[in-house]
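In structure tokens, one chain follows: the form predicted on its own.
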Amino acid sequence: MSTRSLTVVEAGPSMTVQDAGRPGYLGEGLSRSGAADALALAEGAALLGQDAGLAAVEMAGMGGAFRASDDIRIALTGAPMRADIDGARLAWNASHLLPAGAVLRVGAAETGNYGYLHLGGGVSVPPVLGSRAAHLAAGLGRALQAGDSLPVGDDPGGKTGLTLEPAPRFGGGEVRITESMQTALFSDDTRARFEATDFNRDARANRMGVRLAFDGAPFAARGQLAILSEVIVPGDIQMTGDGTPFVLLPECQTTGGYPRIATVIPPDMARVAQAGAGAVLRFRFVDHDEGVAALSRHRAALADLPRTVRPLLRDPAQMPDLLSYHLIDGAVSAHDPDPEGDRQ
């Protein structure tokens, strides 16, 4: 059993351990939770050559500082954040070696909202109900604090200095939606206006949901005051009493009575979660067949991620260990007519 650990030296305001979440407990009033950007988990796993189900550290808006007990392979994915090891700048969307005793520092998000720190072997805190994901609204786990020691799982080892091209999702854009339970309560004109409206992520957002800011009249449904509470899931777009849309995220409640105009398809959930300040979101209804086809392509792209990993081209000016590399293997004279030493 591994005895390696990562100590949290400094912690941002909302930093938690997250994995793919715990499905199967909706009937008991517990939503799935898990990473707000599930794609980032898969990208980190590809960079480290390990299972995407392993837990990572999710950093909401701001990172922190971490010290390794032993040499630990790490990867950084999700919302780009400034990062360094003992002052040496690190590339994002890449894997690195965090030496024993060294301090990794991760700053604020430069774009997007959720950054991820992956460890070779994963964060190995004890699982609860089959998952290591914190679910703060349900009281499972808690936000990480300075002084916490995170156990690190066994790592069979592998290369570092690898990178990949992340799927674009930090600047807003089109979000595909399907009809939900109460879509028919919204008039055709209201639905068309919803698709034509530019939305921005409101400052009032967390792992439970994102409030969407917009200009124009509220979005009202017929008979919305008579709707009974029923099951809701991440991706549902609820309209509050004042006609403002909320997109529910992994830590949302499990029932609700607000009318839902639509549901975001799973491949586009990361685009909503990662939309930063000023990023514009536009919603487009798709039918069942188009949604299923998009999900199939998304799953195929996740499976193909390990094949997209490539060596990271490092800047020599940012390599404190440059002199440890074998840069020259022998030498020859430009004036030697027989450089291979074949003269008799």
Partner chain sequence: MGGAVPRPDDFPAIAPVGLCGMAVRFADRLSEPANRAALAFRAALESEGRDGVEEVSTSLTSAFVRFDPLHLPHATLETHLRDMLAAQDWYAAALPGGRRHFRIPCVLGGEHGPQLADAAEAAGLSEAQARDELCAARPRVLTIGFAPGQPYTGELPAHWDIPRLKELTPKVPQGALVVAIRQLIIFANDTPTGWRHVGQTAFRCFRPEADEPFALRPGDEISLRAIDAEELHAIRERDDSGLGGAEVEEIG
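Residue numbers count along the first chain shown, from 1. Values in this document were obtained by computation on a predicted structure and should not be read as measured data.
Absent from the display: the form predicted together with the partner chain. The rest refers to it.
S.K.: Any chance 49, 170 and 309 all have a heavy atom within 4.5 Å of the partner chain in the model of the complex?
M.R.: No residue of the spot touches the partner chain in the model of the complex.
S.K.: If you check 149, 187, 145, 255 against the partner chain in the model of the complex, which one has a heavy atom within 4.5 Å?
M.R.: Of the listed residues, the single hit is 255.
S.K.: Of the options 88, 217, 203, 231, which one has a non-hydrogen atom that comes within 4.5 Å of the partner chain in the model of the complex?
M.R.: Residue within 4.5 Å of the partner: 231.
S.K.: With heavy atoms only and a cut-off of 4.5 Å, decide whether residue 93 touches the partner chain in the model of the complex.
M.R.: Answer no; every heavy atom of residue 93 is more than 4.5 Å from the partner chain in the model of the complex.
S.K.: Although the partner chain is absent from this view, report whether residue 125 comes within 4.5 Å of it in the model of the complex, heavy atoms only.
M.R.: Answer no; every heavy atom of residue 125 is more than 4.5 Å from the partner chain in the model of the complex.
S.K.: Examine residue 29 and determine whether its closest non-hydrogen atom to the partner chain in the model of the complex is within 4.5 angstroms.
M.R.: Close contact exists here: in the model of the complex, residue 29 approaches the partner chain to within 4.5 Å, heavy atoms only.
S.K.: Might residue 103 be said to contact the partner chain in the model of the complex, defining contact as any heavy atom within 4.5 Å?
M.R.: Heavy-atom contact with the partner chain at 4.5 Å: absent for residue 103.
S.K.: Which is the contacting stretch out of 271-279, 60-68, 39-47, 293-301, given heavy atoms within 4.5 Å of the partner chain in the model of the complex?
M.R.: The contacting stretch is 293-301.
S.K.: What residues in 121-145 sit within 4.5 Å of the partner chain in the model of the complex, counting heavy atoms only?
M.R.: 128, 129, 137, 138, 140 sit within 4.5 Å of the partner.
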